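The chain that follows stands alone, in the form predicted alone, written as structure tokens.
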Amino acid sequence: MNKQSDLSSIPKAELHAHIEGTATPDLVRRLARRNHLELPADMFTADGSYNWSGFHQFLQAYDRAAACIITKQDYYDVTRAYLRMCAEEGAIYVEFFTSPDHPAVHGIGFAEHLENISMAIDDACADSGLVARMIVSCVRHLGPEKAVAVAKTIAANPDRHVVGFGMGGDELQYSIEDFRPAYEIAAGAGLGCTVHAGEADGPNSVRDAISLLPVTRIGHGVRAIEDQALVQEIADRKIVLEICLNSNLRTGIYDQFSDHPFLQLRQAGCRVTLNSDDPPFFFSSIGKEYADAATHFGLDRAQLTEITRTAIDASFVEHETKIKLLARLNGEKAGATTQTG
């Protein structure tokens, strides 16, 4: 077995992807035609990829693409396409973010929004065995009041596919403490909690997050490397970092793989995972993240499998399913072929 095929067969897990951000340019064009939408002339580059440069332009490009996802069927199609790609690349478990603020603009209520995404999750599991769950996310730059509203909605409408609460958006807006009420509501409803920090903002954003919010994971968190005491605290508290290599390079946080602190964080004892974030925007996928970790950081099959184990262990999925997933991974370690039901 050559190295490439060996990597492709590694069971993988993803904890950090935004469902609207998984829609490819081709899919967005198809949705726009179906929904009779006129796309901005500068939305795509000459080669057909998303047109943006820098973190704030990325957020604008993301919102443009998300604006084409306006019906329940659209959400089914986007979710189904993303999960199919993950399964083809060897993923056995996926958690992805979905924000009710996007569909609400188009008159889609929370329960309706979840309905077709849940159908796509179930269909993907039936087809490939891939297990997927949702993390409902608030949008930081929309403010703490909207975050509280999202948290209250989740708490009042439990869904078996929704296992967590998170927050994305512009890290430079508001303070972490402003969102503590929303997180307390979500945690009180039994949801796992994560938050974007240490991406556009520095290590203090990570410190505030783990000090003020009931989180067990940090989305990105890479800029913690700028504070060695913080790195040690993350390792000691077993906080899991949802690292997105290609996202960090494309948004300009780091210029090249050799600048990225992935290996330093891992060697310092931090629990790290690999994730695609918004795959077509960053020319990535869960398979590419694992391949890049092997190519640029020297991780072998056993080490990459251990990263999958960390992701499953840190996931918010229900205990019974987590045990099945870990058993499936144990089968991989033993050289056996198993299936998760």
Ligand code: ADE
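Residue indices: 1-based, along the sequence shown. From a predicted model like this one, the values you see are computed outputs, not experimental measurements.
Below, we turn to the form predicted in complex with the named molecule, even though it does not appear here.
Item to check | Contact residue in the predicted bound form, chosen from Gly164, Pro103, Gly198, Gly168 - any heavy atom within 4.5 Å of the named molecule | outcome: Contact with the named molecule in the predicted bound form is made by Gly168 alone.
Item to check | Location of the named molecule contact in the predicted bound form, chosen stretch of 287-295, 307-315, 50-58, 28-36 [non-hydrogen atom, 4.5 Å] | outcome: Heavy atoms within 4.5 Å of the named molecule in the predicted bound form occur in 50-58.
Checklist entry - Counting only non-hydrogen atoms and a 4.5 angstroms cut-off, does Thr79 reach the named molecule in the predicted bound form? => result No, Thr79 sits far enough from the named molecule in the predicted bound form that none of its heavy atoms falls within 4.5 Å.
Checklist entry - Does the named molecule get within 4.5 angstroms of any non-hydrogen atom of His220 in the predicted bound form? => result Close contact exists here: in the predicted bound form, His220 approaches the named molecule to within 4.5 Å, heavy atoms only.
Checklist entry - Wondering, does Lys12 line up within 4.5 Å of the named molecule in the predicted bound form on heavy atoms? => result Contact check for Lys12: no, nothing within 4.5 Å of the named molecule in the predicted bound form.
Checklist entry - Using a 4.5 Å cut-off on heavy atoms, which residues of 272-290 contact the named molecule in the predicted bound form? => result Residues within 4.5 Å: Asp277, Asp278.
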